[in-house]
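Have a look below at one chain only, the form predicted alone, in structure tokens format.
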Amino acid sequence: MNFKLIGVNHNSAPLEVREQLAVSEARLPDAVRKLVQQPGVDEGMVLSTCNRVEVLTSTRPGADLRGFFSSYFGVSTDALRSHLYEFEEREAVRHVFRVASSLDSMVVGEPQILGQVKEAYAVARGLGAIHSALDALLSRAFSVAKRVRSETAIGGSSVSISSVAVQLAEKIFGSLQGKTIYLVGAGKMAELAARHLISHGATTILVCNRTHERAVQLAEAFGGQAIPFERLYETAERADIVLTSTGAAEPLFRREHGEAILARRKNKPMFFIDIAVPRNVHPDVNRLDGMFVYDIDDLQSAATTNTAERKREAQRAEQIVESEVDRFAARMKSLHVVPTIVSLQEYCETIRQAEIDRIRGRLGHITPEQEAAIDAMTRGIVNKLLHTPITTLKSTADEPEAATIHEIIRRIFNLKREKLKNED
């Protein structure tokens, strides 16, 4: 295994740092292309969500992922050093399995991360950046995530960002009955949060998105109203709860916007749920009386309460992941002996055929039945002779002396020179 992963997440880096590293959906293909152009990188994938930015690769010696991170995002290595984590080989496999299974999520058990990993995989694979080793790893990760979902109750016991948003809104307003929700951005998480808010009494939905057609679609789904993006600020005062989730590089709502909105609302409170990274609402807005702003990290803090049940299910899920890591590592190690086994079989088959051809002229006329008997007999001899070395190669693939045994067999049968010849 030559897997290497580097990244930051909600545990290693504050929101201010993650904002600098976020990769928008539009920029993702460019990031992947730049990644696989790096020296030593054979395959690569970039995962960017509100809680993490990670680079996963299959590499050769010399690959400098820290250098890529620093140069691509324009952030100094020193500034990133204390926030970056890096995993190789088995540890990288474990991390990928845990991420896909939502064990490394801000809210353990949330279902969105698996879809996000699959989308990142699809982009990289579509660009030809994933083709063999990473394909095997990601395919297995999706199976592991499915197994965790089916064998534990981690999904059922999770506390979602959406449910936390509802709890906080009810603390501010007492009741959500008759409240107006303004969705700024029309992504999946915003839609999910809106459904939770409506189920708790909110009645009016406004939707504003740069792509107006998407705003119209979402508004129709809720029986709400789509607002052109250029009318965002003149209509924001109508909302009690503003849920922002756009990919804007700079905050959409700053202190001056908050002051103007408060004046038009005659100081009626307003609740901002900002799940965007980078943030759509500037922290200064939260300093205004009557403005309540919760960003993605604030929601994380609120979601960590009452976690006993989730912890029990997470422990069961961790055991599944660990067993799957062992299985995957064993499978990858066994793949290393396949070329030697194939070379050994081809080498012996060449000798067998050559010997049959050499004596065929001395046998005179032989019937098809006799020809088949000779073929079966010689093939049986070769298979019996190869049984022990092939079994040994397979059975010791996971042991410390595997490389030594592998090399001895290649030397005994003169396979090393044959391998070099094939590579030429």
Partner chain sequence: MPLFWLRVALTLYGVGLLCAVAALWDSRRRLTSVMRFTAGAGIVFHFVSLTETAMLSETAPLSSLHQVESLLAFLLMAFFFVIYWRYQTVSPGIAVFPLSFLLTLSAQSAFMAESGTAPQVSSSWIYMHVGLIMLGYSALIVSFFASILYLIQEKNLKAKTVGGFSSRLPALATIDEIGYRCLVFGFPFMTFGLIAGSVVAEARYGAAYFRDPKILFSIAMWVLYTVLLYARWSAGWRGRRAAYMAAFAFGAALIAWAANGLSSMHRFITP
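Basically, rigid core = biggest C-alpha set you can superpose within 1.5 Å across the two forms. Fair warning: this is a prediction, and the values are worked out from it, not measured in the lab. Numbering follows the first chain given and starts at 1.
Just so it is clear, the following notes concern the form predicted in complex with its partner chain, a form of the same protein that is not shown.
This chain appears without its partner; in the predicted complex, the one residue of 212, 327, 188, 171 with a heavy atom within 4.5 Å of its partner chain is 171. Taking 150, 177, 76, 132 one by one, only a single residue has any non-hydrogen atom within 4.5 Å of its partner chain in the predicted complex, and it is 150. Contact annotation for residue 287: at least one heavy atom lies within 4.5 Å of its partner chain in the predicted complex. Using a 4.5 angstroms threshold between heavy atoms, residue 337 stays clear of its partner chain in the predicted complex.
Residue 120 falls outside the set of residues with a heavy atom inside 4.5 Å of its partner chain in the predicted complex.
Of the heavy atoms in residue 71, none are within 4.5 Å of its partner chain in the predicted complex. Look at 121-129, 293-301, 97-105, 342-350: in the predicted complex, residues with non-hydrogen atoms within 4.5 angstroms of its partner chain sit in 293-301. A displacement of 2 angstroms or greater separates the C-alpha positions of residue 284 between the shown form and the other one, with the rigid core held in common. When two forms of a protein are overlaid on their rigid core, residues whose CA moves 2 Å or more are considered shifted, and residue 264 is one of them between the shown form and the other one. Annotation for residue 327: C-alpha shift under 2 angstroms between the shown form and the other one, rigid core superposed. Between residue 281 and residue 31, the Cα spacing is larger in the predicted complex than in the shown form, differing by no less than 3 Å.
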